[in-house]
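We begin with a single chain expressed as structure tokens, specifically the form predicted on its own.
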Amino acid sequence: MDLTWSADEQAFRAEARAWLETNVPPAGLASGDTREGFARHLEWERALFDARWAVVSWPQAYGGRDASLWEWLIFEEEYSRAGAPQRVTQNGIFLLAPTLFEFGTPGQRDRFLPTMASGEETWCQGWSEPDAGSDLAAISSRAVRDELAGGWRLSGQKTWTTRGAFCTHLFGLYRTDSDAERHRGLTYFLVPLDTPGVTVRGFGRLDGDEGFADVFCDDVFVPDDLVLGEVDQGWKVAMATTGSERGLTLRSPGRFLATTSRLVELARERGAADPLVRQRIAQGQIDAEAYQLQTLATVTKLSAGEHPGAESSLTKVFWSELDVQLHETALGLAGHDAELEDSPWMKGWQFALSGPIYAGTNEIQRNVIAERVLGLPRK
């Protein structure tokens, strides 16, 4: 693997860094999981889009720059280095969009990708249900065929929909064949949340943010052109989305490299002398760089037409547990100051704790790794 950047890639980095240093909001923004913060974040997302930095690896026709995956990694690294706001459009841009490029019709891509890139339309993920969390195949929400109208009637409840209280659209799985086996008979739908029969009920979290929501569908009509992929083949489409969620796009290495840099700065400010603390910081730096190298290897495979498949579960376990470890080390260094409500380390730690749960719990991911990566027998 050649770890040197070309002249064009270095120029791309310089352009991205210069724009970000000039345009990133200097005082930061309120949490994107609050109504006020979400609105402010969308203003920032629009500025990114207008400058064609919102989706650099997408085709120009959809607001991108036709950048390579290598250049996308460079941009993500510079974005995190600059301390730019978390992307509230990430469920659409980083999870749904790769699935649309793979399974969507030309009409679906033309309809949804430009408004997704600009933040005009925002997406939440409708997978978890009250009785189907880590076990996605246990979902009971259903879709019944309406031949006369040329579409489907959706019913059921989705829960833990991140930023669902503010988003305009939902992508999710619904059971279209109740007699099929658990992983079969599922269909992937794209649902506008202003459709008659949809009820969005937001609820608060312990940290005070209000973006989570339950989404109820009561005989909601969805036309055929809002089915993504084939009917009854939604599990295959959903696994493509989970591959993005667990693997490359959701958590780029730049995020963790920036966190370790801030952790080192904190240690210097606090005069950290405890050798065990210094060892944890050094290990965090090593792990962040290891994740960067692993991601470069993944991009190399993707560029050669390969797909990581179940290996994305390895990636997900690694980055989620690294995130917790880095923030716990920071909290130990920050001491009582970390208990302040507006402490970025405290907020980051609270969010990091959810990492081993969302995108498939790490317990489930370890089962996937054992069975599909290592080839161990099922218990």
Partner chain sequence: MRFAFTENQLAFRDAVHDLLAKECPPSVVRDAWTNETGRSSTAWTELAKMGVLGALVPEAQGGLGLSEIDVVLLAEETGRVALPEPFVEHMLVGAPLLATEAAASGITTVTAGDPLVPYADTADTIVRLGHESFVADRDDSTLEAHRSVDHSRRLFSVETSGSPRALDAAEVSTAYWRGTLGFSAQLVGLGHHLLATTVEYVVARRQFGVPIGSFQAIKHKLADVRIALEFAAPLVYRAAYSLTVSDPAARTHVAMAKAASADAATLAARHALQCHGAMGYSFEYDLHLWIKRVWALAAAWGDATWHRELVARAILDT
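Positions refer to the first chain, counted from 1. Note that this is a predicted model, so its numbers are computed, not measured.
Another form, the form predicted together with the partner chain, is not on view; read the next lines as being about it.
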(request) Scan 258, 84, 240, 281 and let me know which has any heavy atom within 4.5 Å of the partner chain in the predicted bound form. (result) 281
(message) Going by heavy atom distances of 4.5 angstroms or less, which of 200, 264, 231, 132 would be at the interface with the partner chain in the predicted bound form?
(response) 264
(request) Name the stretch: of 176-184, 189-197, 121-129, 294-302, exactly one has residues whose heavy atoms fall within 4.5 Å of the partner chain in the predicted bound form. (result) 294-302
(message) I'd like to check something about residue 317: if you look in the predicted bound form, is any of its heavy atoms closer than or equal to 4.5 Å to a heavy atom of the partner chain?
(response) yes
(message) If we define contact as a non-hydrogen atom of the residue within 4.5 angstroms of the partner, is residue 23 a contact of the partner chain in the predicted bound form?
(response) no
(request) Report whether the minimum heavy atom distance between residue 70 and the partner chain in the predicted bound form is within 4.5 Å. (result) yes
(message) Within 4.5 Å, heavy atoms only: does residue 289 come near the partner chain in the predicted bound form?
(response) yes
(request) For the stretch 349-369, return the residues whose heavy atoms include at least one within 4.5 Å of the partner chain in the predicted bound form, in the order they occur. (result) 363, 366, 367, 369
